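As a starting point, one isolated chain is supplied in structure tokens, in the form predicted on its own.
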């Protein structure tokens, strides 16, 4: 299943309705017929959210009633995963061959912007012995960037709410032969002790998450004193939900305001503000104003 955080916000009163519909169109059209898939989803959205007033009504409901409880549905396994499904996913996803495939795809993208990725990974690998927690593994681009420069003494743990994304990290770790593990867990209640990691990193994942303040607070909690948090973030127009607001006639400034009220990702400035409230100080920033920014924080 393919849901983004704004889908979950807009259908917070009836997540089963959204999941049932998404399961249907994913099985029928994705990924082999993306045009029909997106047209069907657009028609569904317009049926249930026909105008700006309904859009605002649903956002206001989430602001008052939404919570950081994990809503599954990021892949077809969902939260109803059976042992057989789990076993099949591990056997197919956690292999050196799958890790090589992911690493090869990542290497093509990493090679296009070597300066960017050198900056990202050099800030992550700042200690003589690094313990790294990556949030939102996804397809594993940031994971591969980190693992290819890890030393034998370093340790990596990646967290994603999607089981299959977590297994991507396992496969990539096998391929590179490093001490690495991916786990599926809540980003809002990370299963780690305080000050456990020298680095927390995230490559363009916060833009897909709900409850950003809680995620950043948890990330700060597990980061040791003088540890670094390295976040690569998209600009607003590159996020998956910008087009939603554009479609319903919101300006960029109105969109930013609503996203902050919804506790979703609104812009890099929001991340800086929240991080500063959790004991983190911005050390450096590298930006391409049209696409992305990398923020480097230190825990004080």
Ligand SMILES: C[S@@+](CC[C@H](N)C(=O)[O-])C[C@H]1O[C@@H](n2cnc3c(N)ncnc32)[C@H](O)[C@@H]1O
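In this text, all values refer to a predicted model and were calculated from it rather than measured experimentally. Residue numbers count along the first chain shown, from 1.
Missing here is the form predicted in complex with the named molecule; even so, the following discussion is about that form.
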Query raised in the report: Is residue 227 close enough to the named molecule in the predicted complex to count, meaning some heavy atom within 4.5 Å?
Result: no
Query raised in the report: How about residue 139: is it within 4.5 Å of the named molecule in the predicted complex, going by heavy atoms?
Result: yes
Requested in this report: Verify the contact flag for residue 217: yes if a non-hydrogen atom of it lies within 4.5 Å of a non-hydrogen atom of the named molecule in the predicted complex, no if not.
Outcome: no
Query raised in the report: Is there a non-hydrogen atom of residue 175 within 4.5 angstroms of a non-hydrogen atom of the named molecule in the predicted complex?
Result: no
**Report entry** Selected contact from 161, 222, 103, 157, since only one has a non-hydrogen atom within 4.5 angstroms of the named molecule in the predicted complex
**Finding:** 161
Query raised in the report: Heavy atom within 4.5 Å of the named molecule in the predicted complex: which of 125, 187, 94, 133?
Result: 187
Report summary line: Only one of 125 to 133, 192 to 200, 162 to 170, 147 to 155 sits within 4.5 Å of the named molecule in the predicted complex by heavy atom distance, namely 162 to 170
Query - Stretch 200 to 230 - residues with a heavy atom within 4.5 Å of the named molecule in the predicted complex - result: 203, 204, 205, 208, 209
